[in-house]
Each structure stands twice: as structure tokens, then as C-alpha cells.
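Below you will find one chain, with nothing else, as C-alpha cells; this is the form predicted on its own, and questions on how it binds or moves follow later.
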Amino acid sequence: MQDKILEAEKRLKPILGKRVSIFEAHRMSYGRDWSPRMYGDDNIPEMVAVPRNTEECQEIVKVAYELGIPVIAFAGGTGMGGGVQAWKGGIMVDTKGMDQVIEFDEKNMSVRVGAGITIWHLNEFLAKHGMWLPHQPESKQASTVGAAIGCDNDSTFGIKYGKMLECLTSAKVVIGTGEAIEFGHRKASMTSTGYKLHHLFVGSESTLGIVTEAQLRVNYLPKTRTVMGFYVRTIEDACFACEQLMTSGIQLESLHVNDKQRLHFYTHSYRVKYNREPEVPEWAEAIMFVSVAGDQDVVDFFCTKIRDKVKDIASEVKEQEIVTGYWASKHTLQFEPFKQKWPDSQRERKFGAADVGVPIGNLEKMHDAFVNLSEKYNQKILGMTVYNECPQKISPSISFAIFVDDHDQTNMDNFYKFVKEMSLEAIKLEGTMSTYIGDGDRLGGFNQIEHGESFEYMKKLKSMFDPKNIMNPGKKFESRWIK
């Protein structure tokens, strides 16, 4: 492989100059993402290349295709599934050099961008025009548009706007042969002609190609927003109540439901910051947060209706600081150092999660499995959060979060045993193994249990776009951790 890398560097230097490197000091920062793994367990790529446009990305992939070198697309590095781990070696393509706003079409509410622009910076640009991209993952300061497409990550506002798929109308992709192809339907919001091939790249983890440009449908910024919190008896009560809220005509902008462990996490953060106890009903087994947005009179009307609709099953959170703290963790990201357990707790143990999804009626059963399996594998529980990512319906995308000790090999091994059994339980409960992290290097191959015969058709699709299997090889179809 080393001879191939040296040959690739020789060919790419005239095109990329200093933006291609085999020096270890340049490569080290690309050795891991946020996925749980042992301290010091890095997969450092053999080369890093930073293209600034589609044409340069093509040249990188063409050289890799000819020489048979793996290619991995890298963006913010905040994924939790090992999707960018170069465990088969190769060239790491840092897409953040493709960070341009290529075209802004305000009249048609559309923007075309390089895939390396962060969602944060794109929204800074759009805000000047009174618009925004409503796909808002919690990692938006680092998460790029390309990463959001490749990982299919969750959004704070999914229950109103959906995820990146609802925003994406077209994408330019460099596939495994080095060809650059436009997939999608330009600026139109929908189509019924041909196959919706651009959908294939959402959640593909760059195994079919590297997205270099994206056409996105954007929205006008809401004029005002109100965020509320409510204590509830059970997780299912909260979800069914919100289903009824939407049936009544109330348009929720965001909805997150947290179990008792997460509830204690927020109240503990409040206690640490303000040195006093919050008022929490003894019967409360969960907490839900909702937001509504729009014109002030509409927001006021919805808030009144929400309070009236849930009064028999919920108690509104009195301490606005708890709501503000929650909203900081999900959207504003305005953290005060050492004043809350998150993200400062990451200095002690690392965040890990099983991100399974199950139907609304099986949430409590899945939570029981979470508690039991965490105990079985000696995992320290952070808590369960139910996100909702389909417009105008309850659609549980669940984070079963724990703290992982990355200095303890047994604890790390047990974490992946925990993820495996949680995944199997979700399938039993008519759900899915992953809703926002993806396969990465953990669920590949093992996910055939979920997909059955269609798994072989996925392999055939892979070979069509990537005939030499150089695009992020191993991901989707192999696992280093779960067998």
C-alpha cells in the first residue's frame, strides 16, 4: 500500500499542492471520530487530501480508483458510529475545503452550497436574508451539509421540518470511478419521474460516493419561539399526548421526551448551577420539552392550547432555567463552562448510545430493555431521549445514552455487547437498529438481520456506484465490533 500512496501523492501534488500530505503530523487529527473506542485507539489514514471543488475531488478519486486505494470522506468528525474511521487505510478526503455558497436563489427559496460548509455557517449566511436551513443537528457548529447527508443525523426541529432528506432537492456526487453526477430534481420540491436516486446518498456514509455540492430548500426564519417543559408520568403518555396535540391542529416545532434518568440529569445540572432544589412532582417518571414558533399571536395561542390539552397528565416545569438549560443543549449551544454536567462530563467518561427506533406503543418495553441491559453489561446510564424526525407525526428516534470508560477495555467491550442486544431487542419490537448514528464500523453486516434479502441488493447497488470497493470500504457491510 505504501508504494501506491507515494504514487498517489506524486500525481496529486501538481493539482492540490500543499493540500495533499502524507506527513504524520497532518494525518493524526483524522484518526478518530466521537464513536466510543479505547483511548489512543486511532486509525490514522495514510494520506490527507483537501479538495476545494468537485473537479479536484474527481482527480483524487480517479487516482484512487486506478491505484486501488480506499477513499474516506471526512467532515466535522462528530459521528458516533465510526463512519470515518480509516480502518482499511487509504486517503482521507477532507471535504471542508468545499465550503462555498455557490448560488442563493431567494425567490425560489433555494441555495446551492459546497458540501463542506457547516450548517452553522450556512445559517449565518441565510440569516442575513431572513431565512434558515431548518435541519439543525446538535453538532451543527461542526457538522457539514455533506455530513448531514451522509450520516442522516437527527434535527432538533424534525417534527415540523423533517431531516436533511426533506431539505435536499439535488446533489452532485463523485462516485467510485471518479465521475461527477448530478442526482435529484434541481430546485423543485418533489418529482414523480424516474427514480429518486439522490435519496440513496442520504445515510450512505460515503460508501457510494462523495457529495460535493447540494441544492437545498430553505425556509423563512420564524419571528418568535417559545419553549416549554412538562413533567409527565410515562414516556408513552407524553408521546400519545403530543400525537393528540397535533391531531387537534397545533403545530409543534420540536418535541423531545426524556426518561427519569434524563430528568434527573437536567435537575442535577440545575442544582449544580443554582445550588437549590427544583420543584419536581413525586410521580414524574419523564419530562418532555416542546417548542412552537411563528407570529407572536399564533405562538401565544398554541401555548395556551398546549397547556390546556396536557393539564390532566402533565405539570409544567416552573424553573425556566431548566428549560433554558435543555434548549442550550439542543439548539443555542450557549454553555457556561463548569456550570453543567454536559459537556464537561466528557472529561471523565465518553458519551455512547444505542440509537434504536421502535413504534410508539413499544417505547416502555424498549426502555425496560435499556435499564436491564445497562445493568447486565455494567454501563452507567445517562438516559433515554425520544426525538421525533418525521413531519407532523410521532416518529421515535431514540438515544439510549450511557457513559463509556475509554480507559477500561472490559467496559468498552461490554458497550458494544450492549449495543448488539439493544439492536436485537428493537427488531423484536418491530423497529430498527439505528435512527441517527448509522452503521459505521459497528453494525455493518450485523444489520442483515434487519434487512434480510434486501441486504444483497444493497451490495449490488454498492458495486454499481463503486465497482472497485474503494469508497469507505467496510462500512455498511462489515463490523469490527459486533458479530
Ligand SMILES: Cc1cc2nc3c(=O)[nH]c(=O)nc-3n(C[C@H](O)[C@H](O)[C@H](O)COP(=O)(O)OP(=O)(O)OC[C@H]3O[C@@H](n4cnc5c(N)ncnc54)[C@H](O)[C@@H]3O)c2cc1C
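Since this is a predicted model, take the numbers as computed values, not measurements. Residues carry their position along the shown sequence, with the first being 1.
The same protein also exists as the form predicted together with this ligand; that form is not shown, yet it is the one meant from here on.
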Given that this ligand is not shown alongside this chain, does Y436 nevertheless sit within 4.5 Å of it in the predicted complex, heavy atom to heavy atom?
yes
Just to confirm, F370 within 4.5 Å of this ligand in the predicted complex by heavy atoms?
no
Contact label in the predicted complex: W34 to this ligand, heavy atom within 4.5 Å:
yes
Does M412 reach this ligand in the predicted complex if we count a contact as any heavy atom within 4.5 Å?
no
Given 206-214, 309-317, 222-230, 103-111, the stretch touching this ligand in the predicted complex at heavy atoms within 4.5 Å is 206-214
Quick one: from G79, P134, G176, G383, grab the residue that has a heavy atom within 4.5 Å of this ligand in the predicted complex.
G79
Answer with one of S399, N258, S143, S291: the residue that has a non-hydrogen atom within 4.5 Å of this ligand in the predicted complex.
S143
Can you name the residues of 127-157 that have a non-hydrogen atom within 4.5 angstroms of this ligand in the predicted complex?
P137, E138, S139, A142, S143, T144, G146, A147, G150, C151, N153, D154
